[in-house]
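The chain below stands alone, shown as structure tokens; this is the form predicted on its own.
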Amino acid sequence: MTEPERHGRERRERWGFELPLLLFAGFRSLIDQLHAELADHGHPDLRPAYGFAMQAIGRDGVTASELGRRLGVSKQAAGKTVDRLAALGYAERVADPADARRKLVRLTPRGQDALVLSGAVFEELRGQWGDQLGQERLTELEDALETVVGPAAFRLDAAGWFAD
């Protein structure tokens, strides 16, 4: 039995442009499901770009300039994102203990909760993909993607890249 027969589909030749569309559709599916779960668990205002920003802020906090660098956006664009995250209660600006002239952006407990919940939801979604594809195929897919994208796979500047 061939691979396509085993999965109940006949293989067809694909066009080159379909690969990025399929990859994006998989990404979009995961992100849409994540945000539905976040909304159901008290985080209805989070948007995908905020998730990238919150990851870039990290546990220790960052300056707005560093946040902009990590996200691949201007300091002003990063500042606007911080303003929105602060208004929603996910981040705050605090004095930098190392330099009183600077402000750090830090996640609030609400922001940290959203990231922890996101991690748990992603684990659940990965499990669902494993159930649908089979764990071996999912692992092969992940390994193949890791091979293709190399060590720069986990960049946080995707939100800025999409906006360009």
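When you see a residue number, it is the position in the sequence shown, counting from 1. Because the structure is predicted, anything quoted here is derived from the model rather than measured.
Just so it is clear, the following notes concern the form predicted in complex with the DNA, a form of the same protein that is not shown.
* Asked: A64: heavy atom within 4.5 Å of the DNA in the model of the complex?
  -> A64: contacts the DNA in the model of the complex.
* Asked: Does V73 reach the DNA in the model of the complex, with heavy atoms at most 4.5 Å apart?
  -> So V73 counts as contacting the DNA.
* Is there any non-hydrogen atom of D40 lying within 4.5 Å of the DNA in the model of the complex? -> Close contact is absent here: in the model of the complex, D40 is far from the DNA, nothing within 4.5 Å, heavy atoms only.
* Asked: Is D32 close to the DNA in the model of the complex, meaning a heavy atom pair under 4.5 Å apart or at it?
  -> D32 lies outside the contact set for the DNA.
* **Location of the DNA contact in the model of the complex, chosen stretch of 107 to 115, 23 to 31, 121 to 129, 64 to 72 [non-hydrogen atom, 4.5 Å]** => Comparing against the DNA in the model of the complex, the contact stretch is 64 to 72.
* Within 112 to 147, the residues that have a heavy atom no more than 4.5 Å from the DNA in the model of the complex -> Stretch hits: zero.
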